[in-house]
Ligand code: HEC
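Single chain ahead, by itself, as structure tokens, in the form predicted alone.
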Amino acid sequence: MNKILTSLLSLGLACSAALAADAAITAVKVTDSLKAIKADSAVWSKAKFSSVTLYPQTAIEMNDKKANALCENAKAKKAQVAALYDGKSIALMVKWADGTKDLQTGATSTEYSDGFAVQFAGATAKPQPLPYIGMGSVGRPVVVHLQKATEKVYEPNGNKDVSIQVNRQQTDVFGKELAAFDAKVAALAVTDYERVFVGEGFRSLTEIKDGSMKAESAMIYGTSGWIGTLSRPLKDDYVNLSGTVPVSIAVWDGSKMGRNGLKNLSAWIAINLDGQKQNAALIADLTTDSKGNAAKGKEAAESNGCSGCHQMTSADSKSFMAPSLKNVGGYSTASYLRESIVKPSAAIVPGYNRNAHSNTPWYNIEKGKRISTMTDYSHLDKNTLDDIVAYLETLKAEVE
């Protein structure tokens, strides 16, 4: 697999970010090695936790009636996030409430597990805007660390050999024999579902399997919900983290049939490595409130026909002609919103949604490239753009 160019990700962004955006997080410098850090490691006592809001991702409705009904009025979630770094590695801890412990069992295709993911902006050869969250953008890669909660599977040789199993209903297996088997399962069971992907646009996510990724993630369930941890190098073939690190966080709820795009996620968050020079422009982009007028922006969005294709709010009728924008303000930066208005082909949503009519595709293929069918609004003046962006930033669910 081709390696992504490694160089410092420097972003000279001057735009303001989401309304009431989450504040920057401080990654505390520690002398302890973070290579094999766990949720109960004592070094976490030095961390500073910050609140991050995760919004329901609703750009595309899934073709699953039950899942859609379960998530119809989904609320935003609050997660507590902390970061540490030791000069070689960075570690994150994410805590979020979840009243049910849902594990991936592999025994059914209609039940889903809880999980979490942390996304980093990939290294690029030149400064450029942040990629679109979740899948990245062409020429602007992302690296996504995914961890799912799984049940214990007894694989004594590590090769997914599950032939040595015990039927608990067998009458000749009981008492000490069953207890001995359970002890082996506890000691040898494989419970880790950890994957790392790299992507440069929708439908491009590719799992890294060549051994070049050295990362560790895990999940544990407690009285208040889940705790997820991740440790990875500051620099490798995919990222080059220093100063201010942009990350995005997502969580899945198995009880609501969460999987793939059915999740809660944050916009890009700034994590400042304590003691290093911060990227002031990036911090401002991710933490500063928009200066546009949302009321005027709503009028401008209506007069320019946005609601003709997009579902703007939960009160509006669903539309399959374009992605729903009813939560776009929760997980998008102002820079991304502005870019989507003036350069609609910069980040193509994976539609075409199969529920849409064949006469209303979301994009066309021109010379091998996906070109959005959305009108280019680069002719709008700066104030009008600012107002529309300010309005779009208000489109997000309430926090539960």
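The term rigid core refers to the maximal set of C-alpha atoms that superpose within 1.5 Å between the two forms. For clarity, every value in this text was computed on a predicted model and none was experimentally measured. Note that residue numbering follows the sequence shown and begins at 1.
Absent from the display: the form predicted together with the named molecule. The rest refers to it.
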* Gly305, Cys309 and Val349 all contacting the named molecule in the predicted complex, non-hydrogen atom within 4.5 Å -> yes
* Pro323, Gly330, Pro141, Gly228: which sits within 4.5 Å of the named molecule in the predicted complex by any heavy atom? -> Pro323
* Of the residues Val43, Leu70, Met374, Met62, which one places a heavy atom within 4.5 Å of the named molecule in the predicted complex? -> Met374
* Asked: Heavy atoms within 4.5 Å of the named molecule in the predicted complex: which of the stretches 43-51, 62-70, 27-35, 366-374 has them?
  -> 366-374
* For Tyr336, is any heavy atom within 4.5 Å of the named molecule in the predicted complex, or not? -> yes
* Exercise: Tyr85 in contact with the named molecule in the predicted complex, heavy atom 4.5 Å -> no
* Even though the named molecule is not shown here, does Trp362 get within 4.5 Å of it in the predicted complex, heavy atoms only? -> yes
* Asked: Does the named molecule get within 4.5 angstroms of any non-hydrogen atom of Trp268 in the predicted complex?
  -> no
* Who in 274-290 is close to the named molecule in the predicted complex, meaning a heavy atom within 4.5 Å? -> none
* Quick one: core overlaid, is Trp362 moving 2 Å or more at the Cα between the shown form and the other one? -> yes
* For Phe197, state whether the C-alpha moves by 2 Å or more between the shown form and the other one after rigid core superposition. => no
